[in-house]
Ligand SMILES: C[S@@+](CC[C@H](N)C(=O)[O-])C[C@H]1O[C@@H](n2cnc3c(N)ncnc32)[C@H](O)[C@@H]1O
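Quick heads-up: it's one chain on its own, the form predicted on its own, in structure tokens.
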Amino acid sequence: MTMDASEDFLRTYHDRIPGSMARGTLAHPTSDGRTSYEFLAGHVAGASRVLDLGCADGTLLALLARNGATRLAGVDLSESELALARERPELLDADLRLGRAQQLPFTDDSFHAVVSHMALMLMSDVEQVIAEAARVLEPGGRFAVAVGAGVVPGGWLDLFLSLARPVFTALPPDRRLPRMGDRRARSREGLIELLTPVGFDTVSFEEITLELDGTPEQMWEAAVPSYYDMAMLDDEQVTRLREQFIAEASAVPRIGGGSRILVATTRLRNPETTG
């Protein structure tokens, strides 16, 4: 499996701390109590054959199994994440593969739905990923993805980023995070541009907000795992940034605020029903 620099970073990161992103997602639901996994799963309700691109520790696949899906598959770059997924009782019969979404090891028209939770936006050669998703979907099959859409202005994460971005930018080139993904995969216009040429129908969008609240110390613990850039800092830089964040956050009222996620859904057009 040949990987570029960003994929090699993601594999190494998730092999070291598997399950971290899922834990963060589950700990910060939306205002109505649902997680972003639940929002995404709702958009493919009733699909019995589902593939998860960037399935990580299998949290989303296990939810789909509990919701009635009977043939589940997933691909991920991290063997450590997949090892956690294989331990889930709901996924004993799932087809979990170590691999890249740009080269899916599945036959044409294999699935009723393809999903991806906070992974498509990180993938290299996203046009090839989407072409592969279209290939393995049956006509009329659903494609549903959740991608990052930024932070709530004026909230805890906005403050964290205002302090952290200059630190990330000042790193020497050999310590900076590799470029991740394609910016088009993070916006409505970009997703439409990517999905339409390979045969997907009208794209629907829903934006949700993951709520974050608590003390500055708790918000720091919530923010750090969300940003891969933090892995590029040394211990001294992390400590200094933490102290600065807690000092500035403690000087203002409890401002809350979290991260925004864009959920996009569409169907693969059926050539037999299009003129």
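Under this definition, the rigid core comprises the largest set of C-alpha atoms superposing within 1.5 Å between the forms. Note that this is a predicted model, so its numbers are computed, not measured. Position 1 is the first residue in the sequence shown; the rest follow in order.
This protein has a second form, the form predicted in complex with the named molecule, left out of what is shown; the following refers to that one.
A.B. asks: Would you point out which of 105-113, 156-164, 76-84, 189-197 contains residues with a non-hydrogen atom within 4.5 Å of the named molecule in the model of the complex?
C.D. replies: That would be 76-84.
A.B. asks: Would all three of Leu51, Ile130 and Val145 be in contact with the named molecule in the model of the complex, where contact means some heavy atom lies within 4.5 Å?
C.D. replies: Checked in the model of the complex: no contact with the named molecule for any of the three.
A.B. asks: Only one of Leu122, Ala134, Leu72, Val151 gets a heavy atom within 4.5 Å of the named molecule in the model of the complex. Which one?
C.D. replies: The option sitting close enough to the partner is Leu122.
A.B. asks: So in the model of the complex, does any heavy atom of Phe245 sit within 4.5 Å of the named molecule?
C.D. replies: Contact check for Phe245: no, nothing within 4.5 Å of the named molecule in the model of the complex.
A.B. asks: State yes or no: in the model of the complex, is some non-hydrogen atom of Pro178 no more than 4.5 angstroms from a non-hydrogen atom of the named molecule?
C.D. replies: Pro178 lies outside the contact set for the named molecule.
A.B. asks: Find out whether any non-hydrogen atom of Tyr228 is located within 4.5 angstroms of the named molecule in the model of the complex, and reply yes or no.
C.D. replies: Tyr228: contacts the named molecule in the model of the complex.
A.B. asks: Does Pro139 reach the named molecule in the model of the complex, with heavy atoms at most 4.5 Å apart?
C.D. replies: Outside the cut-off, so no.
A.B. asks: Considering only 42-72, what residues come within 4.5 Å of the named molecule in the model of the complex, judged by heavy atoms?
C.D. replies: Counting only heavy atoms within 4.5 Å of the named molecule in the model of the complex, the contacting residues of 42-72 are Gly54, Cys55, Ala56.
A.B. asks: Do you see a C-alpha shift of 2 Å or more at Ser36 between this form and the one not shown, with the core held fixed?
C.D. replies: No: Ser36 shifts by under 2 Å between this form and the one not shown.
A.B. asks: Aligned on the rigid core, do the two forms place the Cα of Ser226 2 Å or more apart, comparing between this form and the one not shown?
C.D. replies: Shift at Ser226: 2 Å or more after core fit.
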